[in-house]
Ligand SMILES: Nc1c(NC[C@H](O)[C@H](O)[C@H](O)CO)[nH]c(=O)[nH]c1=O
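Quick heads-up: it's one chain on its own, the form predicted alone, in structure tokens.
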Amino acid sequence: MTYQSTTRQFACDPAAVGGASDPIRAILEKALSGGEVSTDEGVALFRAQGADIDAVYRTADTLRRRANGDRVSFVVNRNINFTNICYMGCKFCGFAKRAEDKSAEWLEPAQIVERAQQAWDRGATEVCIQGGLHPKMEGTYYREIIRAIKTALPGMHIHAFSPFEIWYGASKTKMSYRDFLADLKEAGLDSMPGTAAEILDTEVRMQLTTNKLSAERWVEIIRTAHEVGIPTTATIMYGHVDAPEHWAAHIALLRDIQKDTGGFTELVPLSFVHTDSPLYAQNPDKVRPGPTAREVDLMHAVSRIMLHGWIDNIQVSWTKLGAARAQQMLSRGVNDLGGTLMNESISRAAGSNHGQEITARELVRMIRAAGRVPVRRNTIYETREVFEHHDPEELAPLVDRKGRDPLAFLEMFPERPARAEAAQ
């Protein structure tokens, strides 16, 4: 089935493209008029310099406003990593442990349910469940996790298992991807994270890991999930051994999948965290220490421009960038701040120090300080509550922050009133 873009024809916005060079202006004018930006044109936008960069940002912000108005959304959720035992050897990953390691962890279904119940009691509508590929884990364990949660909490949305985990479970059970995914859906799987994508380029992926899921298998599993009725997110992990050519091709491939399936709910750019990553530690002369600030800005902006009308939710990862930088991305085409998380292990294992939770009340404060309208959504972007004149319940963080305040940066800026919503 082929899905139609939601893009409408608009007149170009002269204010957005003002000051841009002729080549960049032509690309941005096409995007603003409802045209599709090609891979080569995406590369040109990623390589923008000087006044062209500001024009890219203004265009992304204009397209964001057309698609989403001035609402910025978030979901109340909890991450549950049921095991960090994994032997697949992803070179960028600091999360995986051997079974004999002191910090190795394995959660039984009852423990997972206990954490899900705790999240539900704190207002969560979603649990995001992922784990390492434990060599002794049965492929049926994924189903056991889902059934245990749905039995205890039938109203909880289960957002779980990357395409890599689906590959692993299908291999373990000797089922086809379609049958394995259909079985998980019948058990209660509601949606999937589109992680493990990294960069969908064979040459790049071979430098990241020798054993990980190929780009072709990732695409096959994602397409199959969409076909059996399981929506997914999409991701890109950038700033290591990659380049603008890889980024633009990756985004264009996601767009092509969306044209066929309509199954992506959002794109989440994930900047490479190098601090404790083996990939960087072992190859500091060949691997970059994450993207530059300009590349972070451009990744979110160009993603918005290339995906406009197809994937209209661009999420920023505050666990990768921190709250202050995440808020800045709201002027770079971003309309979603992701989830409260409550626990976060994977980014922390790579060296990120931005904390494990930002509460709903704090996210609302961040959004208002940017002059936008805060909205609590569910996993598939249905609005659940608009915080125009009230605040979420105040909750203490689930994990002690030891005096650290992720929103300390807001003390320097007065809260701005929300702009009138506009979805032109």
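Model, not experiment: these values are computed from the prediction. In case it trips you up, residue 1 is the first one in the sequence shown, and so on.
In what follows, reference is made to the form predicted together with the ligand, a form of this protein that is not presented.
> Using the site C-alpha superposition to carry the ligand over in the predicted complex, what's the verdict for this chain: open, or blocked with 3+ ligand atoms inside 2.4 Å of backbone or C-beta?
Result: open.
> Heavy atom within 4.5 Å of the ligand in the predicted complex: which of I149, L307, V72, V75 fits that? Just give me the one.
Only one listed residue qualifies here, and that residue is V75.
> Which listed residue (G338, G263, G239, G169) meets the criterion of a heavy atom within 4.5 Å of the ligand in the predicted complex?
Exactly one residue meets the criterion: G338.
> In the predicted complex, does L189 have a heavy atom within 4.5 Å of the ligand?
Output for L189 is no: heavy atoms all beyond 4.5 Å of the ligand.
> Spell out, yes or no, whether the shortest heavy atom distance between T233 and the ligand in the predicted complex is within 4.5 Å.
Result yes; T233 sits at the interface with the ligand in the predicted complex.
> In the predicted complex, does A225 have a heavy atom within 4.5 Å of the ligand?
Looking in the predicted complex, residue contacts with the ligand do not include A225, since no heavy atom lies within 4.5 Å.
> Heavy atom to heavy atom, is T379 within 4.5 Å of the ligand in the predicted complex?
Yes, T379 sits close enough to the ligand in the predicted complex that at least one of its heavy atoms falls within 4.5 Å.
> Looking at 293 to 301, 176 to 184, 123 to 131, 254 to 262, which one sits within 4.5 Å of the ligand in the predicted complex if you count heavy atoms only?
After filtering at 4.5 Å, what remains is 123 to 131.
> For the stretch 283 to 322, which residues lie within 4.5 Å of the ligand in the predicted complex by non-hydrogen atom distance?
In sequence order, Q315, S317, T319, K320 come within 4.5 Å of the partner.
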